[in-house]
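Here we start with a single chain on its own, the form predicted alone, put down as structure tokens.
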Amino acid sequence: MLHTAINLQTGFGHLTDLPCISLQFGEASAVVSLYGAQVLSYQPAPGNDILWLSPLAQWHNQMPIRGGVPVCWPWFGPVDARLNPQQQSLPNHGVVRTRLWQLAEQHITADSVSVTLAITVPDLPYHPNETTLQLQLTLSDSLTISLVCNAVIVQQAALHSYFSVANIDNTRVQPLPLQYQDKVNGSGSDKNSDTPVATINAEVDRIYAKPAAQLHLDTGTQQLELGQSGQDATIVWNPWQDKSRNTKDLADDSYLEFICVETARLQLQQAAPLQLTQHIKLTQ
């Protein structure tokens, strides 16, 4: 019989006082922080963490945790003027990464273990009513992360996943659209590629519109299938050398250890509910 469990725990790695929930399903485990509803670890087998967490990550003093799967909501990157009518000074990637969420539900079945975390946000700068956001984490022979907001509002969201890589030179993400928006140097220009494969040999910050529902990530030693739904974009990001050196919660060589492949919904043309999902499965 499979060993299954859901437990509250204090601390993960060097973040020794962080309130967390651990999930166990057979050999597989996952850890999610109540701070930010951020998945910090996914191990399909003991000792093999699919996700990357910065050794310099912090969580006190309103610092978002660097690594794992940050939840970006209700905007992605710098806040769009349409979501900031009073031109306030607001944090990048929204308001829920540095707040405590609550455990709303937990379930253990023969097929999976799951928890749902929830947060009610009363103070969006562009929306007068309370808004509730939920993150459901389901662990089985894979990991599924779903972000849901039933409120019909203008909103962006991203599951900003950091994946561990063994060799950044051999890391590949595919199949991706041949056109992408290039955010390096803040240009935001559209560029065309002659290949549906993204590789990393310099700073990369790309938004791919209308991506496939299934991506393949080769980390240099492992193969992952990344399923996504509810998305209208996939972002591929790596800071490379200069930004690693100049970012205080990254080590100088951190850029060699991870790639971000993010499932996102970025449209701001119309109000809509949100259900954004990323599914992570180790295939070999």
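Note that residue numbering begins at 1 and tracks the sequence as displayed. Because the structure is a prediction, the values reported are computed rather than measured.
The next section is about a form of this same protein that is not shown, the form predicted together with 6-O-phosphono-beta-D-tagatofuranose (TA6).
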Give a yes/no on whether W59 approaches 6-O-phosphono-beta-D-tagatofuranose (TA6) to within 4.5 Å in the predicted bound form, heavy atoms considered. no
Check your understanding: So, in the predicted bound form, is W237 in contact with 6-O-phosphono-beta-D-tagatofuranose (TA6) at a 4.5 angstroms heavy atom limit?
Key -> yes
Is there any non-hydrogen atom of Y162 lying within 4.5 Å of 6-O-phosphono-beta-D-tagatofuranose (TA6) in the predicted bound form? yes
- prompt: Quick one: does Y180 come within 4.5 Å of 6-O-phosphono-beta-D-tagatofuranose (TA6) in the predicted bound form, counting heavy atoms only?
  reply: no
Of S187, S193, N92, Q102, the only residue with a heavy atom within 4.5 Å of 6-O-phosphono-beta-D-tagatofuranose (TA6) in the predicted bound form is N92
Thinking of W73, R82 and D232 as the candidate spot, does 6-O-phosphono-beta-D-tagatofuranose (TA6) come within 4.5 Å of a heavy atom on all of them in the predicted bound form?
-> no
Testing 208-216, 93-101, 163-171, 111-119 against 6-O-phosphono-beta-D-tagatofuranose (TA6) in the predicted bound form with a 4.5 Å heavy atom criterion leaves exactly one stretch, namely 93-101
Applying a 4.5 angstroms cut-off on non-hydrogen atoms, the residues of 50-72 near 6-O-phosphono-beta-D-tagatofuranose (TA6) in the predicted bound form are R66
